[in-house]
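A single chain comes next, written as C-alpha coordinates; it is the form predicted on its own.
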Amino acid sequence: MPKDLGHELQRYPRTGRFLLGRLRGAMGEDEKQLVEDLIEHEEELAGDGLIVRRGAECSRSTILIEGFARRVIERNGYRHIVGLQVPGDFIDLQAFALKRLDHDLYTLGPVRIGRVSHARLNKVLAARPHLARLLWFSTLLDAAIHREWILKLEHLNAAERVAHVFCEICQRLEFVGLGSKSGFSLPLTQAQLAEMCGTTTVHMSRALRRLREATGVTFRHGKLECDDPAALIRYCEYDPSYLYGPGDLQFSGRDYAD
(Lines give C-alpha, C1' and ligand atoms only; values in the text may rest on other atoms or scores of the structure.)
Protein backbone atom coordinates (compact mmCIF):
# COMPACT_ATOMS: atom_id res chain seq x y z
CA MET A 1 0.00 0.00 0.00
CA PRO A 2 1.36 3.48 -0.82
CA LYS A 3 2.73 5.03 2.34
CA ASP A 4 0.73 8.22 1.88
CA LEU A 5 -2.61 6.56 1.08
CA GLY A 6 -4.02 6.76 4.61
CA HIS A 7 -3.30 10.47 4.78
CA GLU A 8 -4.79 11.11 1.34
CA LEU A 9 -8.00 9.21 2.04
CA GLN A 10 -8.43 10.82 5.43
CA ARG A 11 -8.20 14.33 4.01
CA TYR A 12 -9.76 13.59 0.62
CA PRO A 13 -12.07 10.57 1.10
CA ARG A 14 -13.64 10.78 -2.35
CA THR A 15 -10.64 11.68 -4.52
CA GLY A 16 -7.60 10.60 -2.50
CA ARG A 17 -6.71 7.95 -5.08
CA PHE A 18 -6.76 10.35 -8.04
CA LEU A 19 -3.34 10.13 -9.81
CA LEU A 20 -1.95 8.16 -6.86
CA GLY A 21 1.24 6.36 -7.90
CA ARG A 22 1.74 8.79 -10.77
CA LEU A 23 1.49 12.58 -10.47
CA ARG A 24 -0.43 13.08 -7.24
CA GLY A 25 2.78 14.40 -5.71
CA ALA A 26 2.69 17.26 -8.23
CA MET A 27 -0.63 18.45 -6.81
CA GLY A 28 -0.67 21.10 -4.12
CA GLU A 29 -2.99 20.67 -1.15
CA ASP A 30 -5.19 23.44 -2.53
CA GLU A 31 -5.46 21.59 -5.84
CA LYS A 32 -6.35 18.35 -4.08
CA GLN A 33 -9.08 20.18 -2.20
CA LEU A 34 -10.37 21.71 -5.43
CA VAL A 35 -10.66 18.25 -6.99
CA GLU A 36 -12.40 16.95 -3.86
CA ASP A 37 -14.84 19.87 -3.97
CA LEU A 38 -15.60 19.34 -7.67
CA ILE A 39 -17.89 16.45 -6.76
CA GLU A 40 -21.43 17.75 -6.48
CA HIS A 41 -23.11 14.50 -5.50
CA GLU A 42 -22.41 10.79 -5.12
CA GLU A 43 -24.23 7.74 -6.40
CA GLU A 44 -24.08 4.03 -5.66
CA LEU A 45 -24.75 1.67 -8.56
CA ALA A 46 -25.25 -2.08 -8.58
CA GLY A 47 -23.27 -4.56 -10.64
CA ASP A 48 -23.61 -4.27 -14.43
CA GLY A 49 -25.17 -0.83 -14.04
CA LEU A 50 -25.01 1.71 -16.83
CA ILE A 51 -22.99 4.83 -16.04
CA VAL A 52 -22.98 6.57 -19.42
CA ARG A 53 -24.74 5.49 -22.61
CA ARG A 54 -22.96 5.78 -25.96
CA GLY A 55 -24.12 8.88 -27.83
CA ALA A 56 -25.91 10.45 -24.86
CA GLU A 57 -25.21 14.15 -24.41
CA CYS A 58 -22.90 14.64 -21.44
CA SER A 59 -23.04 17.67 -19.17
CA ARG A 60 -21.03 16.08 -16.38
CA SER A 61 -18.15 13.68 -15.81
CA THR A 62 -17.63 10.90 -13.31
CA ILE A 63 -14.88 9.90 -10.89
CA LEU A 64 -14.75 6.35 -9.60
CA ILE A 65 -14.59 6.45 -5.79
CA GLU A 66 -15.04 2.75 -5.03
CA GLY A 67 -15.39 -0.27 -7.28
CA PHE A 68 -14.58 -0.87 -10.93
CA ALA A 69 -15.96 0.10 -14.32
CA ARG A 70 -15.53 -1.06 -17.92
CA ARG A 71 -15.69 0.58 -21.32
CA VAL A 72 -17.84 -1.46 -23.69
CA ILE A 73 -18.46 -1.43 -27.44
CA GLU A 74 -21.20 -3.69 -28.83
CA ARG A 75 -21.13 -4.55 -32.53
CA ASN A 76 -23.05 -7.20 -34.47
CA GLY A 77 -24.21 -8.93 -31.32
CA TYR A 78 -20.73 -9.12 -29.78
CA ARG A 79 -19.56 -7.23 -26.71
CA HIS A 80 -16.00 -5.97 -26.45
CA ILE A 81 -14.49 -4.55 -23.26
CA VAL A 82 -12.06 -1.89 -24.45
CA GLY A 83 -11.04 -0.45 -21.09
CA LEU A 84 -11.04 -1.11 -17.36
CA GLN A 85 -11.26 1.66 -14.76
CA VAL A 86 -10.13 1.46 -11.13
CA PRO A 87 -10.81 3.67 -8.09
CA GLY A 88 -9.39 7.15 -8.48
CA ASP A 89 -9.97 7.26 -12.24
CA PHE A 90 -11.93 10.09 -13.86
CA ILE A 91 -13.65 7.59 -16.09
CA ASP A 92 -15.21 9.92 -18.65
CA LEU A 93 -13.33 13.17 -18.36
CA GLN A 94 -12.92 13.18 -22.14
CA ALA A 95 -16.67 13.84 -22.31
CA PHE A 96 -15.87 17.37 -21.13
CA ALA A 97 -14.49 18.03 -24.62
CA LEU A 98 -16.31 15.43 -26.71
CA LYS A 99 -19.77 15.86 -25.10
CA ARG A 100 -20.70 12.35 -26.32
CA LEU A 101 -18.85 9.08 -25.85
CA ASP A 102 -18.35 6.52 -28.62
CA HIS A 103 -18.80 3.65 -26.15
CA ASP A 104 -20.86 2.64 -23.13
CA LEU A 105 -19.59 2.80 -19.57
CA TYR A 106 -20.79 0.06 -17.23
CA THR A 107 -19.99 -0.84 -13.66
CA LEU A 108 -18.08 -4.02 -12.88
CA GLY A 109 -19.73 -4.99 -9.63
CA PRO A 110 -21.14 -2.41 -7.20
CA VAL A 111 -19.56 1.04 -7.31
CA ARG A 112 -19.63 4.44 -5.66
CA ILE A 113 -19.14 7.33 -8.06
CA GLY A 114 -18.92 11.10 -7.85
CA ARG A 115 -20.50 13.38 -10.45
CA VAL A 116 -18.86 16.63 -11.59
CA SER A 117 -20.75 19.13 -13.75
CA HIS A 118 -18.90 20.46 -16.78
CA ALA A 119 -19.96 23.97 -15.80
CA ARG A 120 -18.11 23.68 -12.50
CA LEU A 121 -15.17 21.92 -14.13
CA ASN A 122 -14.88 24.66 -16.73
CA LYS A 123 -14.59 27.36 -14.07
CA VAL A 124 -11.87 25.51 -12.19
CA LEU A 125 -9.85 24.71 -15.31
CA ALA A 126 -10.02 28.29 -16.56
CA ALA A 127 -8.73 29.60 -13.23
CA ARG A 128 -6.15 26.90 -12.48
CA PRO A 129 -4.05 25.98 -15.55
CA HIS A 130 -1.67 23.76 -13.55
CA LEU A 131 -4.57 21.64 -12.35
CA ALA A 132 -5.94 21.62 -15.89
CA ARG A 133 -2.67 20.04 -17.09
CA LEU A 134 -2.89 17.34 -14.41
CA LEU A 135 -6.47 16.51 -15.37
CA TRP A 136 -5.42 16.41 -19.02
CA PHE A 137 -2.62 14.03 -18.02
CA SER A 138 -5.21 11.68 -16.52
CA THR A 139 -7.12 11.47 -19.82
CA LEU A 140 -3.89 10.87 -21.74
CA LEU A 141 -3.14 7.94 -19.42
CA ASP A 142 -6.33 6.33 -20.72
CA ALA A 143 -5.10 6.87 -24.28
CA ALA A 144 -1.73 5.27 -23.46
CA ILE A 145 -3.50 2.23 -22.01
CA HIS A 146 -5.69 1.93 -25.09
CA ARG A 147 -2.62 1.95 -27.36
CA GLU A 148 -1.02 -0.81 -25.31
CA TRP A 149 -4.19 -2.90 -25.55
CA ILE A 150 -4.15 -2.54 -29.35
CA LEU A 151 -0.53 -3.72 -29.40
CA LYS A 152 -1.40 -6.59 -27.05
CA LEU A 153 -4.20 -7.83 -29.34
CA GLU A 154 -1.91 -7.66 -32.36
CA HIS A 155 1.20 -9.38 -31.04
CA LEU A 156 0.22 -11.74 -28.20
CA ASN A 157 -1.61 -15.05 -28.20
CA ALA A 158 -4.64 -15.54 -25.94
CA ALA A 159 -2.70 -16.81 -22.91
CA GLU A 160 -0.17 -13.98 -23.22
CA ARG A 161 -2.97 -11.42 -23.58
CA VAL A 162 -4.65 -12.50 -20.35
CA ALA A 163 -1.26 -12.49 -18.61
CA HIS A 164 -0.79 -8.91 -19.82
CA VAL A 165 -4.24 -7.94 -18.48
CA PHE A 166 -3.41 -9.50 -15.11
CA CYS A 167 -0.07 -7.66 -14.91
CA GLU A 168 -1.72 -4.34 -15.74
CA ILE A 169 -4.52 -4.76 -13.20
CA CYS A 170 -2.04 -5.76 -10.50
CA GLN A 171 0.07 -2.67 -11.21
CA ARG A 172 -2.84 -0.22 -11.38
CA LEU A 173 -4.36 -1.55 -8.17
CA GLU A 174 -0.98 -1.45 -6.46
CA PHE A 175 -0.76 2.26 -7.35
CA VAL A 176 -4.00 2.94 -5.44
CA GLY A 177 -3.44 0.54 -2.54
CA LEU A 178 -5.93 -2.13 -3.57
CA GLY A 179 -3.70 -4.94 -4.83
CA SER A 180 -0.15 -6.06 -5.39
CA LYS A 181 1.95 -7.90 -7.94
CA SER A 182 0.99 -11.15 -6.20
CA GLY A 183 -2.69 -10.79 -6.94
CA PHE A 184 -5.98 -8.93 -6.71
CA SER A 185 -9.68 -9.46 -6.15
CA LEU A 186 -12.37 -7.87 -8.31
CA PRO A 187 -15.71 -9.04 -9.77
CA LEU A 188 -14.30 -10.05 -13.16
CA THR A 189 -15.67 -13.16 -14.84
CA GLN A 190 -13.99 -15.49 -17.30
CA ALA A 191 -16.43 -14.34 -19.99
CA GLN A 192 -15.46 -10.71 -19.36
CA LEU A 193 -11.79 -11.61 -19.57
CA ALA A 194 -12.54 -13.08 -22.98
CA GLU A 195 -14.24 -9.82 -24.00
CA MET A 196 -11.13 -7.91 -22.90
CA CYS A 197 -8.76 -10.19 -24.81
CA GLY A 198 -10.64 -10.56 -28.08
CA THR A 199 -11.39 -14.25 -27.73
CA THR A 200 -14.21 -16.60 -26.75
CA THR A 201 -15.06 -17.98 -23.32
CA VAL A 202 -14.00 -21.47 -24.45
CA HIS A 203 -10.63 -20.21 -25.68
CA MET A 204 -10.21 -18.18 -22.50
CA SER A 205 -10.63 -21.32 -20.41
CA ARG A 206 -7.84 -22.94 -22.40
CA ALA A 207 -5.69 -19.81 -22.14
CA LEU A 208 -6.07 -19.73 -18.35
CA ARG A 209 -5.08 -23.39 -18.17
CA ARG A 210 -1.95 -22.75 -20.26
CA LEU A 211 -1.11 -19.75 -18.14
CA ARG A 212 -1.50 -21.73 -14.94
CA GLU A 213 0.74 -24.51 -16.26
CA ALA A 214 3.41 -22.02 -17.35
CA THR A 215 3.45 -19.63 -14.38
CA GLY A 216 1.43 -21.16 -11.54
CA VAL A 217 -1.11 -18.30 -11.69
CA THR A 218 -4.67 -19.16 -10.69
CA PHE A 219 -7.80 -17.13 -11.40
CA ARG A 220 -11.04 -18.21 -9.75
CA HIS A 221 -14.20 -16.27 -8.92
CA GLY A 222 -12.55 -12.93 -9.67
CA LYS A 223 -9.48 -13.60 -7.53
CA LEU A 224 -5.97 -13.78 -8.97
CA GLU A 225 -3.25 -15.54 -6.99
CA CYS A 226 0.29 -15.23 -8.28
CA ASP A 227 3.10 -16.73 -6.21
CA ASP A 228 5.74 -15.81 -8.79
CA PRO A 229 5.00 -12.34 -10.26
CA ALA A 230 8.31 -12.37 -12.15
CA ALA A 231 7.24 -15.49 -14.03
CA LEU A 232 3.95 -13.82 -15.04
CA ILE A 233 5.81 -10.72 -16.24
CA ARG A 234 8.29 -12.81 -18.25
CA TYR A 235 5.50 -14.86 -19.82
CA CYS A 236 3.98 -11.85 -21.62
CA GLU A 237 7.12 -9.65 -21.59
CA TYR A 238 5.17 -7.05 -19.68
CA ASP A 239 6.57 -3.51 -19.60
CA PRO A 240 4.55 -1.15 -17.34
CA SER A 241 6.14 2.04 -18.69
CA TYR A 242 2.92 3.05 -20.51
CA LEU A 243 1.25 3.51 -17.11
CA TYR A 244 3.68 6.37 -16.33
CA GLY A 245 4.46 5.08 -12.86
CA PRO A 246 7.97 4.14 -11.71
CA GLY A 247 10.10 3.56 -14.77
CA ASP A 248 11.75 5.33 -17.67
CA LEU A 249 8.61 7.36 -18.53
CA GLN A 250 7.84 8.51 -15.00
CA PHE A 251 7.31 12.21 -14.43
CA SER A 252 8.41 14.05 -11.32
CA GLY A 253 6.58 16.90 -9.70
CA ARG A 254 9.20 19.24 -11.20
CA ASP A 255 8.08 18.23 -14.69
CA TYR A 256 4.65 19.61 -13.90
CA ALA A 257 5.71 22.70 -12.04
CA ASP A 258 4.08 25.98 -13.03
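Here the structure is a predicted model, which is why all the values come from computation and not from measurement. In case it trips you up, residue 1 is the first one in the sequence shown, and so on.
Another form, the form predicted together with another copy of the chain, is not on view; read the next lines as being about it.
Chemist: Select from the listed residues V176, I113, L108, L101 the one whose heavy atoms reach within 4.5 Å of another copy of the chain in the model of the complex.
Modeler: By the 4.5 Å criterion, the partner-contacting residue is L101.
Chemist: Assess the spot marked by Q94, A126 and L140: is another copy of the chain within 4.5 Å of a heavy atom from every one of these residues in the model of the complex?
Modeler: Yes: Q94, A126 and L140 each sit within 4.5 Å of another copy of the chain in the model of the complex.
Chemist: If we define contact as a non-hydrogen atom of the residue within 4.5 angstroms of the partner, is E148 a contact of another copy of the chain in the model of the complex?
Modeler: It does: once another copy of the chain is placed as it appears in the model of the complex, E148 has a heavy atom within 4.5 Å of it.
Chemist: Can you check whether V35 is within 4.5 Å of another copy of the chain in the model of the complex, heavy atom basis?
Modeler: Taking the distances in the model of the complex, the answer for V35 is no, it never comes within 4.5 Å of another copy of the chain.
Chemist: Is there a heavy atom of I81 lying 4.5 Å or less from a heavy atom of another copy of the chain in the model of the complex?
Modeler: The answer is yes: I81 has a heavy atom within 4.5 Å of another copy of the chain.
Chemist: Would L249 count as a contact of another copy of the chain in the model of the complex, using a 4.5 angstroms cut-off between non-hydrogen atoms?
Modeler: Although another copy of the chain is absent here, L249 would touch it in the model of the complex, with heavy atoms inside 4.5 Å.
Chemist: Just one stretch in 41-49, 221-229, 24-32, 193-201 has heavy atoms within 4.5 Å of another copy of the chain in the model of the complex, so which one is it?
Modeler: It is 193-201 that comes within 4.5 Å of the partner.
Chemist: Which residues, if any, of 150-172 lie within 4.5 Å of another copy of the chain in the model of the complex when only heavy atoms count?
Modeler: Result: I150, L151, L153, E154, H155.
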